[in-house]
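Take a look at this one chain, the form predicted on its own, written out in structure tokens.
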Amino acid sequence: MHAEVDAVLGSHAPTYEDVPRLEYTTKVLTESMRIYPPAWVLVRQAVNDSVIGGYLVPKGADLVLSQYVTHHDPRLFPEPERFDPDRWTPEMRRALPKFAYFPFGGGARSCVGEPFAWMEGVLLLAAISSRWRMHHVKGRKVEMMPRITLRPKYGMKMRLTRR
């Protein structure tokens, strides 16, 4: 990622025009949000009686869909606990079933801010990594605290070293 950021940005701050060329940086963000999606669960209500996977879902029933659980399914993402930005090839994306990856929800009720969040995330990651290397502080426990959003219970203490 640092090599890509250096090649794309040179010495200028990242801009919207840089986003399409920050392909690997986008993969890093994509993989990060696969492992730790911003929302870990969505609830939707059935508007009609439906049958899903052979089960009757009556009108008015609440359906709970978990991005976290789906994004950690080894049938969809081999070695799901391993951080691997290289898994996000065009072929892999085409092979994924619809809604196998949905950090911002999906369909008509997906997050209206998703395009902005992707742009902002890629630009922020590029801006930080253009000047710094980030390392998780060893011995600091990483544990999630699921609320409306998924957040680190103890924060994510990082050590920054200037590049």
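Residue numbers run from 1 along the displayed sequence. If you're wondering where the values come from, they're calculated on a predicted model, not measured in any experiment.
Not pictured, yet referred to below: the form predicted together with a small molecule.
- Judged against the small molecule in the predicted complex with a 4.5 angstroms heavy atom cut-off, the residues P14, T25 and W132 are out of contact without exception.
- Contact annotation: of the candidates I35, V57, I128, L42, the single residue with a non-hydrogen atom within 4.5 angstroms of the small molecule in the predicted complex is L42.
- The closest non-hydrogen atom of R109 lies within 4.5 Å of the small molecule in the predicted complex.
- Using a 4.5 angstroms threshold between heavy atoms, F104 counts as touching the small molecule in the predicted complex.
- Contact between A117 and the small molecule in the predicted complex is found at the 4.5 Å heavy atom cutoff.
- In the predicted complex, at least one heavy atom of G113 sits within 4.5 Å of the small molecule.
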